[in-house]
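What follows are structure tokens for two forms of the same protein chain, given separately as structure 1 and structure 2.
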Structure 1
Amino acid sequence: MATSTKRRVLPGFRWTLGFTIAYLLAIVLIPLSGLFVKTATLGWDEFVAAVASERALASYRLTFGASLVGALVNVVFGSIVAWVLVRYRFPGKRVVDAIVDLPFALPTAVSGIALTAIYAKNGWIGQWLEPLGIRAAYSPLGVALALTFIGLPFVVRTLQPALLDLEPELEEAAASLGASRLTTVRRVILPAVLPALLTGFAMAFARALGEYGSVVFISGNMPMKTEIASLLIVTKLEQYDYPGATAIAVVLLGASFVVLLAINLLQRWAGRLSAARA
């Protein structure tokens, strides 16, 4: 090949890329690598002991379980919200649409104390649940409620553009072929937005896995009962058990990366779907 040096027409490539990589290394990659280096210095037995202790296992069960519940609730209600916001007109729609981002913009500590105040047994909602024998605050249910709150924007915001992109012709074709409205929704619309729906679910789930601020207030933080994994990390740090904290962090981070990878694959799938449609 005759090209020896690649000349670029627009200026600034070298130094913007250089700065990007240097900054990424300094702020993100080098600090994160410390986590893995630290883990590597742990012995295998020590690592397993930290990661698989009864208390740790209980915290994973709660973290993954409540995250799953929160993400699933968001799939159901987030889909309805997205559908209503894209397809229907009603007064105050713009405000409703905007407020969906609240969990994203509201500091987690603020959501945490607000949810706790509402669901405590003398709170606005808690006082109605208490007589029914339902304990929302300081219980696994409270954790799931907090994780539903913080995952809410993800399903709605990934589903909205997918619904907007649907060609009306698809539904018109289905209707012209005699499909009932329910059949059209189930057989035509749902498959088309499925990648987006799954992506939203995975993003809500991933966000919930690592959540801390909104949960610690409402959970009550009882070991083995309402202690989530990220709280366990903090507890171990406060006891200067750095190896233990690091080991659990690696498990949590690993889980997040797996979900992130799944999201990437989902988006590639969605890209192929829309490319095939175009």
Structure 2
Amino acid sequence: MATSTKRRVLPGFRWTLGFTIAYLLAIVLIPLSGLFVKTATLGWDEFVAAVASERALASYRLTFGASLVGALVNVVFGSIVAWVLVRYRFPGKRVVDAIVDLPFALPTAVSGIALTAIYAKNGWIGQWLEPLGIRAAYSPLGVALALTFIGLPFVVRTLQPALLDLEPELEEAAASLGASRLTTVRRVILPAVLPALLTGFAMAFARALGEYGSVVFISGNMPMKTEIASLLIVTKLEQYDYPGATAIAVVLLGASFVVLLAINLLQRWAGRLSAARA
């Protein structure tokens, strides 16, 4: 009796696993471990002084605060954008759908220059905000605007597949049972898309933590006021304070790891939720 063997497209498990580990070591783990090696040249007191100085703490507050604000704004308005793109047909829909990806495609420096030109006191929008006493460019508000701009695609693109999987019949059934629109959103739509929404929020927040190019133009880079943590790292590198720069980088790296862990837990939760509903 002839035996049949399955033909594999890729080499065996050992080869592919070995290549995967080697690639991750060369591209990700070894460069990141260099941060910890360089930071280890500092004593504990020097490390604490570098990462907990008044200037560093001010940059953390602005970076984490503006990133949180930007991610929360995108959760609200990104959800509306995703809902419109999924649920409605209208002229120019493909153009609007492509515009959502612009922050992905644009170089961050271009984004920063464009935002600064628009929100400066003589810009298209800034000239109307200035008489109201609202200063957008060269202020923490400008930082939040830039981080909102670069984080929008993460929320929209993460939420769209969840909305596509949500059957409109569920909303119709809720309406036929007398549920209001608010109740339908709260009891039917939100529980179904909540894992994707939280994942989009976490991804937008993590992306904003490491943003530099789009923020450096619109922030004004004033120490203790509009200086983000990434800019402080560059400043220390320009001053040849490499251990101090890597120490602050380690803090941001640790925060990114926490956010990525949260993303993985949310994705696992979403998978279990989908399996339970199936």
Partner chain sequence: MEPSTTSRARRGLSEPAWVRVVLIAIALLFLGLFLFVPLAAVFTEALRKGLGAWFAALREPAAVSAIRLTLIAAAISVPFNLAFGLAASWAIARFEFRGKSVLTTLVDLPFAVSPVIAGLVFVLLFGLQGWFGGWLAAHDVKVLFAVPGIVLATTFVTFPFVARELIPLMQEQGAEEELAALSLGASGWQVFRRVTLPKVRWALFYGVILCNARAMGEFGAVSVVSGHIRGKTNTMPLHVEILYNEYDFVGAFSVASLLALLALVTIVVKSWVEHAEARRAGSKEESA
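For the two forms, the rigid core is made up of the largest set of C-alpha atoms that agree within 1.5 Å on superposition. These numbers were taken from a predicted model, which means no experiment stands behind them. Counting starts at 1 with the first residue of structure 1 and goes up one by one along its sequence.
Undergrad: Identify which of the two structures, 1 or 2, is the form predicted together with its partner chain.
TA: Looking at both, the form predicted together with its partner chain is number 1.
Undergrad: Does Gly254 move its CA by 2 angstroms or more between structure 1 and structure 2 when the core is aligned?
TA: Shift of 2 Å or more: no.
Undergrad: Quick one: once the rigid core is lined up, does Met222 have its C-alpha move by 2 Å or more between structure 1 and structure 2?
TA: Moves: no, less than 2 Å.
Undergrad: For Ala22, what C-alpha shift in Å results between structure 1 and structure 2 following superposition on the rigid core?
TA: In the core superposition between structure 1 and structure 2, the C-alpha of Ala22 moves 3.5 Å.
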